[in-house]
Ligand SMILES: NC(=O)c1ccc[n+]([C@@H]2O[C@H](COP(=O)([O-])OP(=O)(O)OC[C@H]3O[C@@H](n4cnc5c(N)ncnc54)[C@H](OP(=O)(O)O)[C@@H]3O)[C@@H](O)[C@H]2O)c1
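Only one chain is included here, represented as structure tokens and corresponding to the form predicted alone.
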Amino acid sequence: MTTTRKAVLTKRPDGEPVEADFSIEEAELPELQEGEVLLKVEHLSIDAFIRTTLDGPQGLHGTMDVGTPVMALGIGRVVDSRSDDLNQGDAVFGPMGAQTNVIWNASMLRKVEETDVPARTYLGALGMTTGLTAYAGMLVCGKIEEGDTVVVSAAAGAVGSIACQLAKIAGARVIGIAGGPDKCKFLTDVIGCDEAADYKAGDLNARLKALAPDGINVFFDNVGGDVLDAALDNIAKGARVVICGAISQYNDMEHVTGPRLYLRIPERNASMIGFTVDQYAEQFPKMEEDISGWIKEGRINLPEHVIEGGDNFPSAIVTLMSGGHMGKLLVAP
């Protein structure tokens, strides 16, 4: 009998999640049935959407029940198979959940190719919640043109890091917003941003005005709140504002603070569009092909922050929400 260790939601967070909101439990897995596979979970993707699923029915990205493993996408390795579609040793992508082992029907999983990139790349640069999200928001919704001035919030995070690099590939001048000098140095020295704005260092509005005196052509937002307002106050005529996420709001979804300066949109003949990546599923093959090519050419990289041990999944959620990482945050159970 195979056992699994899992991170379980024991109570819904009151504001910012803390480790005490979760528990680590061990359980036996049932026998495999026809069409199913037993997986050893190798890497879990720590994404901002997880925070919203911890709330009740009002969760922006759905909800989960108290007493169940926390939702998480991941990469698993087939240990045993009762499916003709997957064999022992295959790497697969799917809804692994915060656990060390899991049984799923093979139809719920995608076999991933490991010839050119590690399997975990399908959580990062090629991941639906990371690289493909950045592509859909920046290149499809943002419609970047060569010479644009592009600003990205939460730019040192997983989606933001890829979004910055995609804008550079498209020929834009890129300004990343992050918190603290280390993250700003990461943006300019590792990710390749032209400039970085530290929102913790003072007046972000004034900093953006100095860095983009002719205005922001495209703003890719992962934060919301005051950061969104600072960008709106500095958009150029005809600007495109792309709403990818609003992590500053996720700890209190019942009292979301909207932009105070939204009237900059009509004043400057600009537009604002929100999106979720699943709306562009038919374009995933092209997105993956493009990103894979840029990885091979050395034009895209995504540093990883890997937390070892499934028991540390709760601390990884806390790290994500406190901004204590750079690049792609993963847990290796």
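Numbering starts at 1 and runs along the sequence shown. In this text the structure is predicted, and so the values were computed from the model without any measurement.
Keep in mind that the form predicted in complex with the named molecule is missing from the display, and what follows is about it.
- The candidate site formed by M138, K143 and G215 is entirely out of contact with the named molecule in the predicted complex, as no residue has a non-hydrogen atom within 4.5 angstroms of it.
- M321 belongs to the set of residues with a heavy atom inside 4.5 Å of the named molecule in the predicted complex.
- Looking at K183, you'd find a heavy atom of it within 4.5 angstroms of the named molecule in the predicted complex.
- The named molecule is not drawn, but in the predicted complex it has no heavy atom within 4.5 Å of T63.
- G157 belongs to the set of residues with a heavy atom inside 4.5 Å of the named molecule in the predicted complex.
- Listed residues T133, T149, Q99, Q165 were compared with the named molecule in the predicted complex; T133 is the one with a heavy atom within 4.5 Å.
- Just one of I295, L54, V277, M287 comes within 4.5 Å of the named molecule in the predicted complex, counting any heavy atom, and that one is V277.
- Comparing 257 to 265, 91 to 99, 108 to 116, 242 to 250 against the named molecule in the predicted complex, the single stretch with non-hydrogen atoms within 4.5 angstroms of it is 242 to 250.
- Contacts of stretch 174 to 191 with the named molecule in the predicted complex, defined by any heavy atom lying within 4.5 Å, are made by A178, G179, K183, listed in sequence order.
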